[in-house]
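Take a look at this single chain, the form predicted alone, given in structure tokens.
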């Protein structure tokens, strides 16, 4: 969900090593990876372009007979019951249930700067902007259960492939009191917003006219990044980094007033105001703790990292934890089985330098899925991720200035995952005990499970993504 550069890497050198640059680095991309490594980067300005092309698919299984919500639901006793969510007949949904194909690529412009304002202190800044279109932010949300049937009636990817187009900023600083130790601190910009919509409806029978005022408030929050780099030996480097949890949050409130609509009070007339809250969460990034080790030899650098990611605290687009979203009223379901797992991801790379000015890098990464089997109400689509990377860098001198050119290619593979739904753990949108509203007769069409969930009765997800990253750096 988050800025894809947190996964791909903020520049070509970070992408080439598959994000394993926690103990050694050569570019401003270490602002995200481990700001303590800024001590190793000369004062530099970089310009880069990250382009990615996904090919991700979610193929839906054929629905069994009797699973659709029939038109007769309008004539059932459901309308007289106090039910929060009432399903539309499947035939009246605005969109037909369909497979999901993520094929639209995107590009990000990345600018980086490293400078040294004081001795033993380095400061770095990274700025990324979406290239296509003029939007600085383009955010879309979704429900991961039967309620999405009322909207686009498709499934969406949770962790990889559902990226929003958000501008990003990261900065950091390092302090090296000794050659063997460097300490880094940094932050990545996030945001939060509040919106209050006040609506007065003069005539409740006229749905296309109302009077309204809007009040909005947008603020910023920061994802903290702390890092340490140690050199116990000249050839050995060890890095440790902590990144805090962050997400883009919007708290929307709607306050509606209807004409001649009053609260029950025997002593006075009190106009009734109906208030609804719509919390929205996007760009979720989990709390992370990473450990990296690197061996630096004459013509070879070997590095590896392991990162603990606390996905167990995940919040979906509607600010719900997965275990809470999986709850079905009236059903005895162990929703703890739907809580996301904390995972440990691994990455590594080897860099060969046949000559001082030229280097070639091969890397790989494995990111296991934090998402448990989605057999119940919720449908968070995710799978294990594998990455294979290749990088090429050339260091040259132009007009007495050192310049480096770097290119990285990444191939991401999302492992195929097949999901079968358990009807007993889903919301029956037309309960079996419904009767006709007029005569009270039983409704045989209500037997079994009727649902508009696009994920029922199951689906298969898989795919690949290819990224190309090009960076140019000039030493200042």
Partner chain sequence: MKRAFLLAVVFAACSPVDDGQPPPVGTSGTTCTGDLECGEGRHCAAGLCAIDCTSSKDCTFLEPDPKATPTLACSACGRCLPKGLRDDGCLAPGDRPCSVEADCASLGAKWACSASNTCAPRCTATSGCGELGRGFSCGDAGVCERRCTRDAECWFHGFKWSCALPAGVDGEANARSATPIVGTCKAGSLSYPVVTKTDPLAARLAGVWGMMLSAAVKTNDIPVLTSVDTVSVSHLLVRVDRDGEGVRMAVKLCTAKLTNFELDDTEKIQLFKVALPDRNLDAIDPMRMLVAKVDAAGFTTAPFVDLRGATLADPANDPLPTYKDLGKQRDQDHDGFPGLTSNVSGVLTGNLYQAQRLKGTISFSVVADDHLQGPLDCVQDQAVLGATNPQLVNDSYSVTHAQKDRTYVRMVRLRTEATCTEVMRLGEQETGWLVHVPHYDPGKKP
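Computed from a predicted model, the values in this text were never measured in an experiment. Numbering follows the first chain given and starts at 1.
If you look for the form predicted in complex with the partner chain, you will not find it shown, but the lines that follow are about it.
With the partner omitted here, the residue from 140, 111, 337, 71 that has a non-hydrogen atom within 4.5 angstroms of the partner chain in the predicted bound form is 71. Of the residues 246, 361, 374, 309, just one reaches the partner chain in the predicted bound form with a heavy atom at 4.5 Å or closer; this is 374.
With the partner omitted here, the stretch from 299-307, 89-97, 226-234, 172-180 that lies within 4.5 Å of the partner chain by heavy atoms in the predicted bound form is 89-97. Among residues of the shown chain, residue 259 is not one whose heavy atoms approach the partner chain to within 4.5 Å in the predicted bound form. The closest heavy atom approach of residue 449 to the partner chain in the predicted bound form falls within 4.5 Å. Put simply, residue 388 is close to the partner chain in the predicted bound form: some heavy atom of it is within 4.5 Å. When the partner chain is considered in the predicted bound form, residue 445 lines it closely, a heavy atom lying within 4.5 Å. Although the partner chain is omitted here, in the predicted bound form all of 67, 415 and 436 have a heavy atom within 4.5 Å of it.
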